[in-house]
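As a starting point, one isolated chain is supplied in structure tokens, in the form predicted on its own.
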Amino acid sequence: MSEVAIIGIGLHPFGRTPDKSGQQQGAEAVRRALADAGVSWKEVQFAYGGSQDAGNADALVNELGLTGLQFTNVWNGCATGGSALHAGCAAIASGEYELGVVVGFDKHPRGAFNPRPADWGLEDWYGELGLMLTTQFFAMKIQRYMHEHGITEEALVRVAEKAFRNGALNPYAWRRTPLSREEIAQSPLVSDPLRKYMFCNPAEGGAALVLASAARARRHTTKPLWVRAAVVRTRRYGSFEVFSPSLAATVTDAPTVDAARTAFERAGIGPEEVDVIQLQDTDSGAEIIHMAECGFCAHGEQEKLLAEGATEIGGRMPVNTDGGCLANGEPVGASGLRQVHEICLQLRGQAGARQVPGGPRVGFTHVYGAPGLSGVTLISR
């Protein structure tokens, strides 16, 4: 099995770009990644990519060049980027290819996502109760979690406050205005206990990586970043996930737990060795839940860690240093690769004002998507 390196990263700014299509934003991210790697599109042997609302990813060849390469579309909800990276790593690890691109992009209409129950194997009653509107589901999930583990609304506020503070340091972020604790805590209640500034927004943007085998990577850089593990897992019976029509009598671990545990086992390291962390924060509560599900703390410990500043850029376990989904918004296809882009900047020491001190060596990313699947990667220098 070949080692897999990341030798190029590219990002199109997230937010709203009315003069560009989603595919054009994805193509720009690829061009930036290729330039960063010092390779041309003609040299690329394969690509994996996806979007939800911005068209087929393989159509990017119309923008990038008709070279005849293998290009496979990937669609896995909010875990699309993590799934594309997993596929790209497998293609190189198998020995079939030595150089490839993974890309995600999207351009969502304004307003909440509006999925149809039938598309997810659900009956109409689920939508009629309002649960297809994911703000309702995530609020219900964090409310139950807060009750079981002693988490207060103050923790939700702290997560959002950190996100917007970090986003203000990120030139690629959509929301770049810090918000005070009072502004967040007093913002309109959307779905109890989550308020307006505790949710991310559907957005636009693109992200891309250039992957290479070890031998090919060393032709282009003396400091490649290594993908130590890339894992995608779906839900088991008994886990309570988005678009779950019921709650089992006996609750089992979430797919995030399975994905994170497997990634750490494959990489041969533990959570305590991770220096910088990216977690899916569709809302403030999601980041809190995923801190424990990924193994970085015990359930219920989050309140204390947030109060101590442990998850801040200068803390002992920095989380979502680029502002996460809350500050960047979520173009579904691009979100997971945006996380990897940030980890790569941090490990290279190129994150500017939001750089984690001490020369971080290991980074972790986690995405979570409907109808209950998670993608986790571990990256080191």
Partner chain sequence: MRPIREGLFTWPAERPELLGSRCTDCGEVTFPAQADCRRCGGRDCRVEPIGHRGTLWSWTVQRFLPKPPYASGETEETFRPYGVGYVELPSGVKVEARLTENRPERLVIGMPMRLVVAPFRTDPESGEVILGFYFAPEEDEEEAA
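Positions refer to the first chain, counted from 1. Fair warning: this is a prediction, and the values are worked out from it, not measured in the lab.
Not on display, but discussed next: the form predicted in complex with its partner chain.
(message) Under a 4.5 Å heavy atom criterion, is E308 part of the interface with its partner chain in the model of the complex?
(response) No, E308 stays farther than 4.5 Å from its partner chain in the model of the complex.
(message) Whether N73 contacts its partner chain in the model of the complex should be assessed with a 4.5 Å heavy atom distance threshold; does it?
(response) Contact check for N73: no, nothing within 4.5 Å of its partner chain in the model of the complex.
(message) Since only the chain is shown here, I'm wondering whether A214 would be in contact with its partner chain in the model of the complex (any heavy atom pair within 4.5 Å).
(response) It does not: once its partner chain is placed as it appears in the model of the complex, A214 has no heavy atom within 4.5 Å of it.
(message) Would you classify P245 as touching its partner chain in the model of the complex, given a 4.5 Å non-hydrogen atom cut-off?
(response) P245 belongs to the contact set for its partner chain.
(request) Identify whether its partner chain in the model of the complex is within 4.5 Å of every residue in the set R181, G285 and F296, based on non-hydrogen atoms. (result) Judged in the model of the complex, none of R181, G285 and F296 sits within 4.5 Å of its partner chain.
(message) Under a 4.5 angstroms heavy atom criterion, identify the one residue in P171, G268, G111, G95 near its partner chain in the model of the complex.
(response) The residue from P171, G268, G111, G95 that makes the contact is G111.
(request) Sort through 130-138, 80-88, 285-293, 224-232 and report the only stretch with a non-hydrogen atom within 4.5 Å of its partner chain in the model of the complex. (result) Looking at the other structure, the answer is 130-138.
(request) Just give me the residues of 161-192, first to last, that have a heavy atom within 4.5 Å of its partner chain in the model of the complex. (result) Read in sequence order, the residues that approach its partner chain (within 4.5 Å, in the model of the complex) are L189, V190, S191, D192.
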